[in-house]
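Next up is one chain by itself, shown in structure tokens, the form predicted alone.
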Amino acid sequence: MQSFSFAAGERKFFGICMIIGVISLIITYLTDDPLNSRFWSNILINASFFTGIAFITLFLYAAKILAYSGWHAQFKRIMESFYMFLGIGLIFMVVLGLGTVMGFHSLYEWNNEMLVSEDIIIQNKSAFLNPMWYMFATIVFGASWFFVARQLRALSLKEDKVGDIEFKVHKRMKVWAAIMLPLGGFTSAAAIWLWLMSLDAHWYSTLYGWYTGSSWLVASVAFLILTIIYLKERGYYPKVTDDHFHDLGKYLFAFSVFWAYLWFSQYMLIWYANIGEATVYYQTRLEYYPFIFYANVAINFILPFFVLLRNDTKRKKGTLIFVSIFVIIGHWLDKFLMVVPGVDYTTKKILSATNPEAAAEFSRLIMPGFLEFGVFIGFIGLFGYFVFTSLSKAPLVASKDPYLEESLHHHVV
């Protein structure tokens, strides 16, 4: 059984990334506005992004189990390492939840009594938009995902020890996978509404949960491709072939198209209806953030669509690396566009009412700066360090997986 060795150079690299992230957060906090809106929005952008990647990897893993999928069996340990990051990501989300309860951040307009008292629309939504629901969704829903993740991971490791000729362990995995799909499908929507959509409290979209989940899925596949290619270059996964990369490339291509379909559907329906409380979301982003708005579509749809449209490009590691890096950055920018406009709007309103001088000096964060990218690098370091540590704790290939032979002989016609 091949075991992964977490090299000292890799530990150093991820450690430096985390240090860059911590320094960026400290500088952000020291140079921020009185409400520390930039500091907390940076945490929300990255915590929701990487927690979402962990969640959607678990969802995809469960779907593959129920679909009798076997082609991924060789590298399923990487997927397990991704989804076990849920434990770390949810800690950050709980901290943000505590901030809504204790009031040490002002990210959400619905959590400010002064603003709510003057806004009948938010008052009518207060049964759902309140700190207790936020904490419930984060802790209870998040804990349920993590519990299922631990069960699937434990059963996968048990399969390595006892073998699974009669599919006994795998049948138990199917039970947990069957629980995860409806559990994750319904509860993740509520969590997404609270964590992200409620930043623009007057606005809502019935496609928002699907849209956010598809964004997480594309980023997850991109990280999976990069991790496999890196490990293969280090001499691991010798039997992962171009056929496996071809299918991973198809996933990256297909879900990028699915994301674009949801992006267009959400925008088109709101544009066509032309309802004030709905169009304000796009009007703000088109007026103040036009470059990121259009770059979002170019990076996350046009680039992967035209590069990966040909069959042979899905087999070229250099091309896959190029596209994967760009779509990870692109979907992180998408989270920036989902978070920052709402936070800046709320910050401006609070400062205008409580600190006019600070409000006059406050300016929108139109583009992510060095500090935003620094925090992003820090979270990449944390995510990478956790994933590589997890990989080093178990055999890199699940040698007793009943579908391993299918993966070893995977061939794309």
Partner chain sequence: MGSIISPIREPLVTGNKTYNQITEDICAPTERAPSISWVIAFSVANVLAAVFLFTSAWTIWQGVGTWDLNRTIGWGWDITNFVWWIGIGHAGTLISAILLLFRQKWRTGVNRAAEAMTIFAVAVAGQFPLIHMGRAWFAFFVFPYPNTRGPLWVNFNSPLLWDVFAISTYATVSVLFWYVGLIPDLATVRDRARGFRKKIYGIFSFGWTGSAKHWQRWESLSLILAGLATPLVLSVHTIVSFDFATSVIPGWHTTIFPPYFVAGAIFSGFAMVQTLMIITRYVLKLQDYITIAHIESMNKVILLTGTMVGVAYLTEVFVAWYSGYIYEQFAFYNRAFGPYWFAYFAMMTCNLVSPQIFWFKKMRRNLYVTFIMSIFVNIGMWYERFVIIATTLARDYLPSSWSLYSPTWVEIGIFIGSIGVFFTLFLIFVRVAPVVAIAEIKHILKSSGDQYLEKQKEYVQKQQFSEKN
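Residue numbers count along the first chain shown, from 1. For clarity, every value in this text was computed on a predicted model and none was experimentally measured.
The same protein also exists as the form predicted in complex with the partner chain; that form is not shown, yet it is the one meant from here on.
Taking non-hydrogen atoms only, Tyr68 approaches the partner chain to within 4.5 angstroms in the model of the complex. For Met268, a non-hydrogen atom is located within 4.5 Å of the partner chain in the model of the complex, even though that partner is not displayed. Interface residue remark: Trp332 is not counted as part of the site for the partner chain in the model of the complex, having no heavy atom within 4.5 Å. In the model of the complex, the partner chain lies within 4.5 Å of some heavy atom of Asn124.
You can rule out all but one of 333-341, 81-89, 295-303, 179-187: in the model of the complex, only 179-187 has residues with a heavy atom within 4.5 Å of the partner chain. Checked against the partner chain in the model of the complex, the residues Met93, Leu107, Leu262, Val240 give one hit for a heavy atom within 4.5 Å, which is Leu262. Exactly one listed residue, out of Tyr204, Tyr288, Tyr236, Phe322, brings a non-hydrogen atom to within 4.5 Å of the partner chain in the model of the complex: Tyr204.
Scanning 286-306 for heavy atoms within 4.5 Å of the partner chain in the model of the complex gives no residues at all.
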